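First, one chain by itself in C-alpha coordinates, the form predicted alone.
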(Lines give C-alpha, C1' and ligand atoms only; values in the text may rest on other atoms or scores of the structure.)
Protein backbone atom coordinates (compact mmCIF):
# COMPACT_ATOMS: atom_id res chain seq x y z
CA UNK A 1 0.00 0.00 0.00
CA UNK A 2 1.19 3.50 -0.70
CA UNK A 3 -0.11 6.86 0.35
CA UNK A 4 0.78 10.42 -0.37
CA UNK A 5 -0.36 13.18 1.97
CA UNK A 6 -2.64 15.61 0.20
CA UNK A 7 -3.25 19.32 -0.20
CA UNK A 8 -6.38 21.18 -1.15
CA UNK A 9 -7.66 20.18 -4.57
CA UNK A 10 -7.33 23.20 -6.79
CA UNK A 11 -6.45 24.18 -10.31
CA UNK A 12 -2.75 24.16 -9.37
CA UNK A 13 -2.75 20.39 -9.90
CA UNK A 14 -2.75 21.03 -13.62
CA UNK A 15 -0.47 24.02 -13.90
CA UNK A 16 2.47 21.89 -15.04
CA UNK A 17 3.48 22.17 -18.68
CA UNK A 18 1.15 20.15 -20.88
CA UNK A 19 -1.67 20.05 -18.32
CA UNK A 20 -4.81 22.07 -18.89
CA UNK A 21 -7.60 22.78 -16.43
CA UNK A 22 -10.35 21.10 -18.46
CA UNK A 23 -14.01 20.65 -17.59
CA UNK A 24 -13.43 16.92 -17.07
CA UNK A 25 -10.62 17.55 -14.60
CA UNK A 26 -12.74 20.06 -12.71
CA UNK A 27 -15.61 17.55 -12.49
CA UNK A 28 -13.27 14.83 -11.19
CA UNK A 29 -11.76 17.13 -8.55
CA UNK A 30 -15.22 18.24 -7.42
CA UNK A 31 -16.51 14.67 -7.21
CA UNK A 32 -13.48 13.55 -5.17
CA UNK A 33 -14.25 16.33 -2.72
CA UNK A 34 -17.63 14.71 -2.01
CA UNK A 35 -16.33 11.18 -1.41
CA UNK A 36 -15.14 10.21 2.08
CA UNK A 37 -13.95 6.71 1.13
CA UNK A 38 -11.05 5.49 -0.97
CA UNK A 39 -12.45 4.89 -4.46
CA UNK A 40 -11.30 3.28 -7.69
CA UNK A 41 -11.09 5.10 -11.00
CA UNK A 42 -14.17 3.16 -12.14
CA UNK A 43 -16.11 4.29 -9.06
CA UNK A 44 -15.13 7.89 -9.78
CA UNK A 45 -16.38 7.53 -13.36
CA UNK A 46 -19.64 5.90 -12.22
CA UNK A 47 -20.19 8.54 -9.52
CA UNK A 48 -19.76 11.33 -12.05
CA UNK A 49 -22.11 9.58 -14.48
CA UNK A 50 -24.74 9.24 -11.72
CA UNK A 51 -24.68 13.04 -11.44
CA UNK A 52 -25.42 13.32 -15.16
CA UNK A 53 -21.93 14.11 -16.44
CA UNK A 54 -19.66 12.02 -18.63
CA UNK A 55 -15.91 11.62 -18.34
CA UNK A 56 -13.94 8.93 -20.12
CA UNK A 57 -12.22 6.30 -18.01
CA UNK A 58 -8.83 7.14 -19.53
CA UNK A 59 -9.28 10.78 -18.48
CA UNK A 60 -10.24 9.66 -14.97
CA UNK A 61 -7.10 7.50 -14.70
CA UNK A 62 -4.83 10.27 -16.01
CA UNK A 63 -6.38 12.89 -13.74
CA UNK A 64 -6.16 10.70 -10.65
CA UNK A 65 -2.51 9.97 -11.41
CA UNK A 66 -1.80 13.69 -11.87
CA UNK A 67 -3.49 14.47 -8.56
CA UNK A 68 -1.51 11.72 -6.83
CA UNK A 69 1.75 12.95 -8.38
CA UNK A 70 0.93 16.47 -7.18
CA UNK A 71 0.30 15.12 -3.65
CA UNK A 72 -3.33 16.21 -3.73
CA UNK A 73 -4.87 12.78 -3.18
CA UNK A 74 -3.78 9.72 -1.24
CA UNK A 75 -3.35 6.43 -3.06
CA UNK A 76 -3.96 3.12 -1.37
CA UNK A 77 -3.14 -0.19 -3.05
CA UNK A 78 -5.46 -3.11 -2.35
CA UNK A 79 -4.21 -6.66 -1.86
CA UNK A 80 -4.97 -7.25 -5.55
CA UNK A 81 -2.91 -4.22 -6.60
CA UNK A 82 -5.82 -1.96 -7.50
CA UNK A 83 -5.20 1.73 -6.81
CA UNK A 84 -7.81 3.53 -4.72
CA UNK A 85 -7.86 7.31 -4.34
CA UNK A 86 -9.07 9.71 -1.66
CA UNK A 87 -8.85 13.44 -1.06
CA UNK A 88 -7.25 13.67 2.37
CA UNK A 89 -6.08 16.24 4.83
CA UNK A 90 -2.77 18.00 4.60
CA UNK A 91 0.42 16.82 6.22
CA UNK A 92 1.92 13.40 6.80
CA UNK A 93 -0.60 10.88 8.09
CA UNK A 94 -1.61 7.23 8.03
CA UNK A 95 -4.98 5.49 7.65
CA UNK A 96 -7.18 3.11 9.61
CA UNK A 97 -9.72 1.64 7.16
CA UNK A 98 -12.68 -0.68 7.71
CA UNK A 99 -12.47 -3.63 5.30
CA UNK A 100 -16.25 -3.88 5.21
CA UNK A 101 -17.70 -0.36 4.86
CA UNK A 102 -14.44 1.42 3.92
CA UNK A 103 -14.75 3.96 6.75
CA UNK A 104 -11.34 5.67 6.80
CA UNK A 105 -9.80 7.54 9.70
CA UNK A 106 -6.67 9.64 9.27
CA UNK A 107 -4.05 9.02 11.96
CA UNK A 108 -0.95 10.93 12.95
CA UNK A 109 2.06 8.66 13.20
CA UNK A 110 3.38 8.34 16.75
CA UNK A 111 6.75 10.00 17.32
CA UNK A 112 8.33 6.58 17.96
CA UNK A 113 7.43 5.39 14.43
CA UNK A 114 8.69 8.59 12.86
CA UNK A 115 12.00 8.33 14.78
CA UNK A 116 12.35 4.62 13.97
CA UNK A 117 11.85 5.20 10.23
CA UNK A 118 14.48 7.95 10.19
CA UNK A 119 17.02 6.02 12.28
CA UNK A 120 16.58 2.91 10.10
CA UNK A 121 17.14 4.98 6.98
CA UNK A 122 20.22 6.59 8.55
CA UNK A 123 21.61 3.20 9.60
CA UNK A 124 21.57 1.96 6.01
CA UNK A 125 22.64 5.23 4.42
CA UNK A 126 19.30 6.13 2.87
CA UNK A 127 18.01 9.66 2.52
CA UNK A 128 14.75 11.24 1.34
CA UNK A 129 12.93 8.25 2.84
CA UNK A 130 9.15 8.06 3.01
CA UNK A 131 7.05 5.54 4.88
CA UNK A 132 3.44 4.43 4.93
CA UNK A 133 1.50 2.72 7.67
CA UNK A 134 -1.92 1.44 6.68
CA UNK A 135 -4.08 -0.27 9.28
CA UNK A 136 -7.24 -2.16 8.34
CA UNK A 137 -9.86 -3.96 10.34
CA UNK A 138 -13.58 -4.03 10.98
CA UNK A 139 -15.20 -0.97 12.53
CA UNK A 140 -17.64 -1.20 15.43
CA UNK A 141 -20.64 -0.63 13.12
CA UNK A 142 -19.69 -3.57 10.87
CA UNK A 143 -18.85 -6.12 13.60
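Residue numbers count along the first chain shown, from 1. All values derive from a computational prediction rather than experimental measurement.
The protein also exists as the form predicted in complex with another copy of the chain; that form is not presented, and the subsequent description refers to it.
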property	result
Whether 79, 105 and 133 all lie within 4.5 angstroms of another copy of the chain in the predicted complex by heavy atom	yes
Exercise: residue 97 in contact with another copy of the chain in the predicted complex, heavy atom 4.5 Å	yes
Another copy of the chain contact at residue 22 in the predicted complex, heavy atom, 4.5 Å	no
Residue 59, heavy atom within 4.5 angstroms of another copy of the chain in the predicted complex	no
Non-hydrogen atom contact residue 47 with another copy of the chain in the predicted complex at 4.5 angstroms	no
Contact stretch among 25-33, 106-114, 38-46, 66-74 - heavy atom within 4.5 Å of another copy of the chain in the predicted complex	106-114
Those residues of 122-139 which, in the predicted complex, come within 4.5 Å of another copy of the chain by heavy atom	124, 125, 126, 127, 128, 129, 130, 131, 132, 133, 134, 135, 136, 137, 138, 139
